[in-house]
Structure formats: C-alpha cells, structure tokens
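As structure tokens, one chain now follows by itself in the form predicted alone.
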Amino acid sequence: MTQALIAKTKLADLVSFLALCGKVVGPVPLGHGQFKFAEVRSLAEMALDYIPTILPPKKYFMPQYETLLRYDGADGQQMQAVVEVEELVLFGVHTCDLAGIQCLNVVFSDRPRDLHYMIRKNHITLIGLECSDYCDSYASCAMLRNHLPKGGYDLFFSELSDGYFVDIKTQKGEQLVEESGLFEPVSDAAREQLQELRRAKKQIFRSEVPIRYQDIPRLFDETFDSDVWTRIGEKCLSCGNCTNVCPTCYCFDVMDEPDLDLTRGRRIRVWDSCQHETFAKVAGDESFREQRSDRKRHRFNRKFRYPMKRYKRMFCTGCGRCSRSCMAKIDLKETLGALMEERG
C-alpha cells in the first residue's frame, strides 16, 4: 500500500495509538500566536493550524546541547562514545520543515558522516501535514518550491473534506498504518479531492519575490559587493536569532566539560552561529568576517549560493522564521528585493 485514507473522526485515536507506542511530539500553542514542538499525549493538545514553530524540528535531530563522549583520565586516557537517543514520532510537520530536515540529512551524511546525527535520525518517525494556505506574510515557500511535498517523511497527511489523504513513503510508515488499524483504502473521490487541493494551491502559492528559482544563486554571485550588505550590517545586532531558528543552520562548537576532579568529564556539541563575532576568529586574533555586513552576507550566501554548488539545493526553506524573529527587522524577502533592485 502506498496511499491510504483516515477519517477526521479517527485522528484522535491515531495520536492516542502513537502515544501508547512511544513519545509523540507535535505543534503546541504557546499563546500570543506562537507555537512550539513539544511532547503530547492527545490530539487535543496540538494545534494543526499553526505558523512555523519558534524552533524548527532540527532540535530533535541535532539538540542544542549534545554529549558526544565521556572521558576518564584517572587510569590512562579512556573515552566512551555517547549517543543520547529515544524513539520519537514527529507529528504534523509542514513541508518547509521537511525540506529543512532533508538539508540536514544531506550535510550530516556527507563525508565524514556524523554518526550521532545518523543514529538519532533512524529513531525518528516523521508524519508530515500539508498546508493549504500561507501561514503568514513572512513565508516564501513557493519561491523555494517547498509549498508542495517532496518526500523526506514516513507518512504525509493532506486534509480533505472529511478525512486525510495519506501518502505512505517508507516501510516504517506502512507498518504504522497496518498496526494502528485506523486507515482505509483510497477512493476515487478522495483522489479527486486531493487534485482539487493541489489545483487550488497553484492559485494561492505564487513566487513571493519576482525571481525564478534557478536565477537566485546568480543574483548573490553578482551582488557580492553590493551596498545592501553594508546597510544590513548597520542594522544587524549579531544576536544569532536567525541561525538559531533556521531549520537548516547546523554550525556547532565542541568543548569539554570536566567534572570537579578534573580527570573525568564529557565532550559536548553546542549550537554556534556564523553571526557571532567569535565564530570566524582564528589564532592571532584574526577574523575572516570581522564586520557584521560580512557575516550577514556570508549567511545569505550559505542559504542561496554555496550549497547549490556542493549539494545542488538551496538551504533556505522559505519558512520565514529568520524574518519573523529578527529583532532588527531584517526581512529576507526585502533583502532579495533590494539586491534585485540594485543589480537592475
């Protein structure tokens, strides 16, 4: 079976079934229009109509603080690798965040492979949820072609009038469908409703910036010395908010945390940010990107230009989190527009 249906009246039973099997994480309202991914036990705790959560699902694949190994120097130098992992179902992940996870998969499976990430990834089940309309004005998912599902999930739910059309992508997803006993075969009427949903989305989702997807890397190539970067650098606070909330930013630092006896301890990995002044600093107190404008330009190029050369894909998903959370009100779509205007 590659497709199935589940009635809306059975969705709560599905979440309860998943919660009986293990830990379930879904979008939960925080108040003031904010949401986060958090553990749930029932459908009632979730808000499936949500704008992107404050932090993306990457926190479950690459925790902000992660123990890589424990060391003991009391009797020689001994090290023991540590992988902190648990079985987890991520429920209701939008296509922009699925695209972000796919980017992380590409990076961490590149040489040298990151075994901590790869092991944890294999313990996470992904259930996606299709958006039928924009979450808010910050989104640019159509420009990045991420408003439609492009894989990267075990199951993917598209809402119909009285149920959900379910695309089954993996053996893990198929097993979940069979064991729950809550799904039914797809009908012709359901297929027609799904096609109607996709037709409607073509009218709703249009490229949010007047530029073709394939032309975006060249825009950044041609505007590398643009004055736009100077203006953005004057506004940027170097707080790192944009990288923390980005679903594809993966820069990290590694440090040792010794115990009080100074012979034992642990080695941890923590999120870092290319927007911090210390990130590009090397011996001799030299910095590759001393100016904020340099760091901001670097981040934009890391999203739209550099990964196209290495991975043939952009590392911006169009989720809008960077613009939504920027204390200096630096807006991604406005920046793209300013670069296009200056280039002419």
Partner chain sequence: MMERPKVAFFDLSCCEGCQLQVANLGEELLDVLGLIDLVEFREVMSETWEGRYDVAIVEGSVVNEESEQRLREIRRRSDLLIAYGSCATIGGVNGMKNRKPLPEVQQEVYGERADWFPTDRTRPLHQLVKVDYFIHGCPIHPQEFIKVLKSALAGLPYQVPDYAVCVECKFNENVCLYDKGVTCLGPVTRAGCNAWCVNNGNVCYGCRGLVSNPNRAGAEEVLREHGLDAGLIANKMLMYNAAMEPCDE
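In this text, all values refer to a predicted model and were calculated from it rather than measured experimentally. Numbering follows the first chain given and starts at 1.
One more form of this protein exists, namely the form predicted in complex with its partner chain; it is left out here, but the text below deals with it.
Student: Does its partner chain come within 4.5 Å of a heavy atom in each of 36, 258 and 270 in the model of the complex?
Tutor: All three within 4.5 Å in the model of the complex.
Student: 191, 123, 235, 218: which sits within 4.5 Å of its partner chain in the model of the complex by any heavy atom?
Tutor: Looking at 191, 123, 235, 218 one by one, just 235 meets the 4.5 Å heavy-atom criterion.
Student: Just to confirm, with a 4.5 Å cut-off on non-hydrogen atoms, which of 244, 102, 158, 226 contacts its partner chain in the model of the complex?
Tutor: The residue from 244, 102, 158, 226 that makes the contact is 244.
Student: Check whether residue 70 has any heavy atom within 4.5 Å of a heavy atom of its partner chain in the model of the complex, and answer yes or no.
Tutor: No, residue 70 is distant from the partner.
Student: With the partner left out here, check for me: in the model of the complex, does some heavy atom of residue 30 sit within 4.5 Å of its partner chain?
Tutor: Residue 30: yes, in contact with its partner chain in the model of the complex.
Student: Indicate whether its partner chain has at least one heavy atom within 4.5 Å of a heavy atom of residue 292 in the model of the complex.
Tutor: Yes, residue 292 sits close enough to its partner chain in the model of the complex that at least one of its heavy atoms falls within 4.5 Å.
Student: Considering non-hydrogen atoms and a 4.5 Å limit, does its partner chain approach residue 45 in the model of the complex?
Tutor: No, residue 45 is distant from the partner.
Student: Would you mind picking out the stretch of 128 to 136, 259 to 267, 145 to 153, 176 to 184 that comes within 4.5 angstroms of its partner chain in the model of the complex, counting non-hydrogen atoms?
Tutor: Of the options given, it is 259 to 267.
Student: Within 4.5 Å of its partner chain in the model of the complex, counting any non-hydrogen atom, which residues from 38 to 66 show up?
Tutor: Counting only heavy atoms within 4.5 Å of its partner chain in the model of the complex, the contacting residues of 38 to 66 are 54, 55, 59, 64, 65.
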